[in-house]
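Below, in structure tokens: the form predicted on its own, a single chain.
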Amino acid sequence: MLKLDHISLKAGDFTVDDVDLTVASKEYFVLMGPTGSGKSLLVKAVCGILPVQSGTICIDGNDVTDLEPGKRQVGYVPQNSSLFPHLSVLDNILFPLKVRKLPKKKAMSNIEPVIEALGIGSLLSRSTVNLSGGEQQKVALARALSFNPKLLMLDEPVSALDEPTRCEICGLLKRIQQDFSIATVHICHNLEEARIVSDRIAVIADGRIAQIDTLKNLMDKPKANVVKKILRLAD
């Protein structure tokens, strides 16, 4: 589904260097590492927000390295949800479809299963300003799923939530990923969060992939001291 082949990119003085990874169809894949390790840069490169210096990004077998974000079929939930405060919940969810000039009737048909799955039907007429953190993340997720993307990218989607809400939303994310059979990449630096959602995990340090494996194998057979350190800090 997603294949990164020798991806390198720069942001200021920081470099993500020669990253190779593959995310399978229907897989829930976690990027784990400390703050400043390059996780968000990789996600933004996949979404088309940041250009890469070298390498290729393929989604569903298609090279999207030079495509603009709107043509990549990637749903993106940023860390702060980035909802539009001047729009209602419904209009926030419909926004990607409006940009794509989908007729209103077809757009409403598209989002009905997402709204039902997320249980946010009662929020549609409300402003996003007064929503709880968990509600905001549900709306941001609905918006990202509204156009039936091939890939879902989540940049620390629960980091700003309290512990009970974090666990609730992680369980919801895993269920939605399975129900919609969508390949998902999720940034986190919390081990319990990774336990709830991940099929496999890539541990990242200083812009490089240190190891990719299941959480159990990472815990039992870390290949480097940096992997042990990152997992210990995340626990």
Partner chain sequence: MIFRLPESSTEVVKSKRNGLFVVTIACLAIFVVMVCLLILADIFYLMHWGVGLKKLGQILSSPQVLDCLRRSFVTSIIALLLILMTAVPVGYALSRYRFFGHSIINTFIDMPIVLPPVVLGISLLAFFGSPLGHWIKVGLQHYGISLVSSLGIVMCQYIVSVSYCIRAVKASFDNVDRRLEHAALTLGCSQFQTFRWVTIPLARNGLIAGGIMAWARAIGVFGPLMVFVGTGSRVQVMPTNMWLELNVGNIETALVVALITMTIASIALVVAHFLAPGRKWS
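Numbering follows the first chain given and starts at 1. A quick note: this is a predicted structure, and the numbers were derived from the prediction, not measured.
Separately, the form predicted together with the partner chain exists; it is not shown, and the next lines address it.
Partner contacts here mean any heavy atom within 4.5 Å of the partner chain in the predicted complex, and among 117-125, 104-112, 160-168, 75-83 they occur only in 75-83. In the predicted complex, no heavy atom of residue 41 sits within 4.5 Å of the partner chain.
The closest heavy atom approach of residue 69 to the partner chain in the predicted complex falls within 4.5 Å.
The partner chain is not drawn, but in the predicted complex it has no heavy atom within 4.5 Å of residue 187. Among heavy atoms of residue 129, none comes within 4.5 Å of the partner chain in the predicted complex.
The partner is absent here; in the predicted complex, the one residue of 176, 49, 196, 205 having a heavy atom within 4.5 Å of the partner chain is 49. Contacts to the partner chain in the predicted complex (heavy atom within 4.5 Å) from stretch 95-117: 95, 96, 98, 99, 100, 101.
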